[in-house]
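Listed next as structure tokens is one chain, alone, in the form predicted on its own.
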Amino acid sequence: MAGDDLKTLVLADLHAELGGKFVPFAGYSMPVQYPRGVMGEHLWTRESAGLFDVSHMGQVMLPLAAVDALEALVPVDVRGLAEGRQRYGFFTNDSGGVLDDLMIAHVPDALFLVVNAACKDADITHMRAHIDGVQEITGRALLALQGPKAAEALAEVLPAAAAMRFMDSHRVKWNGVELWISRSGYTGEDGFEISVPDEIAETFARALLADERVEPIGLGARDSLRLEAGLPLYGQDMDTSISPVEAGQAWAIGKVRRLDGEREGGFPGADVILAQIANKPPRRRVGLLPEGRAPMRAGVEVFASADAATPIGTITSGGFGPTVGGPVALALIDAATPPDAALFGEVRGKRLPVTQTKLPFTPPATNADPDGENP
């Protein structure tokens, strides 16, 4: 199931029992799909509730006294984050690029962070160089229950979850064990992310899967769901050379950290990022709809005409959107490109037309974006 150099999820046996097909991802052996298939799993999540195992993500706890030290690493209003709430953010570098994006929750007497799997070792090293008391959380699985029926399905197991608002972060007891729950996710749908001690992870997962509304969902559908929702993937749509403004994530930069804010700047790359907010960045993120049925993948160059010599940008993520019913893509293009301009993607030496469109490709769930805080 897993190679010698791959880490194994605590729920690996359950995934195998459910028919999961495994692939290497971020150093882990991860289920990419189940017998329903990627398209079926995608549509199930859009219509009902999908259960994802995202235990490869990094879970980190910081002392509450680290608020200012964390603010020195992220362009986020951490100090203004109320207890029981969480916020999306990113670590930036001195050139205004992104080291990683993450979730930050204010929990009782601490800050709880969830970071990307491929970046977690580097993130923890980065934090420990600037923050005292950084604790990597081990021995806890991380599950995500996503979809329009996620709340009612989870409420059958955890009644307290039904009262949570989008971006709430609560601690709830289940069978005498403490679960850490946030109402958030990475699909554009309503949903929850639940940190569960390893020793009860399988029992809890089976309790959710016993509900006919819940099906297991793999990495394949996770990617197509987030792509349709217009959500960036770190390492493709954001990286050390792409600023959060270029990546379309400037909304997450708190007013108090912006020009003339109470705590203006004070984070790596602030001069670059704040100037881009004020004057517009050199590149902008755009949604593209390729003609036909063939997806355009990351790396495809984008041109302003069928015979232009120089590309104006590059597709950063692309695939087939099952809900859209056709291919969709995210791209970074020159900011001066008119928003209604017809563009072309070059695939195997052929220039194929693409149409710019507003994001997201599919509308977010009503309670998944009430405050403009959809990660």
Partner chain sequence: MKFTEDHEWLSADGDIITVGITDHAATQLGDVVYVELPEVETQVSKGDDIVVIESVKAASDISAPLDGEIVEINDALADKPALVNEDAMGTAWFFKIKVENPNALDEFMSEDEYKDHVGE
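Residue numbers count along the first chain shown, from 1. Model, not experiment: these values are computed from the prediction.
Only in words, not in the display: the form predicted together with its partner chain, which the text now covers.
Inset, instruction - Could you spot which one of Pro311, Gly27, Pro63, Gly37 gets a heavy atom to within 4.5 Å of its partner chain in the predicted complex? - result: Only one listed residue qualifies here, and that residue is Gly37.
Inset, instruction - Let me know the one among Val172, Ala294, Ala72, Ala207 whose heavy atoms come within 4.5 Å of its partner chain in the predicted complex, would you? - result: Going through each option in turn, the one that passes is Ala294.
Legend entry - One stretch from 343-351, 50-58, 64-72, 329-337 that, in the predicted complex, holds residues within 4.5 Å of its partner chain by heavy atom: Residues of 343-351 come within 4.5 Å of the partner.
Inset, instruction - Give a yes/no on whether Trp44 approaches its partner chain to within 4.5 Å in the predicted complex, heavy atoms considered. - result: Outside the cut-off, so no.
Inset, instruction - Would you check, heavy atoms only and a 4.5 Å threshold, whether Thr323 touches its partner chain in the predicted complex? - result: Outside the cut-off, so no.
Inset, instruction - Using a 4.5 Å heavy atom cut-off, state whether Thr316 contacts its partner chain in the predicted complex. - result: No - in the predicted complex, heavy atoms of Thr316 and its partner chain never come within 4.5 Å of each other.
Inset, instruction - For the heavy atom contacts within 4.5 Å of its partner chain in the predicted complex, list the residues of 151-182 involved, in sequence order. - result: Nothing in the stretch sits within 4.5 Å of the partner.
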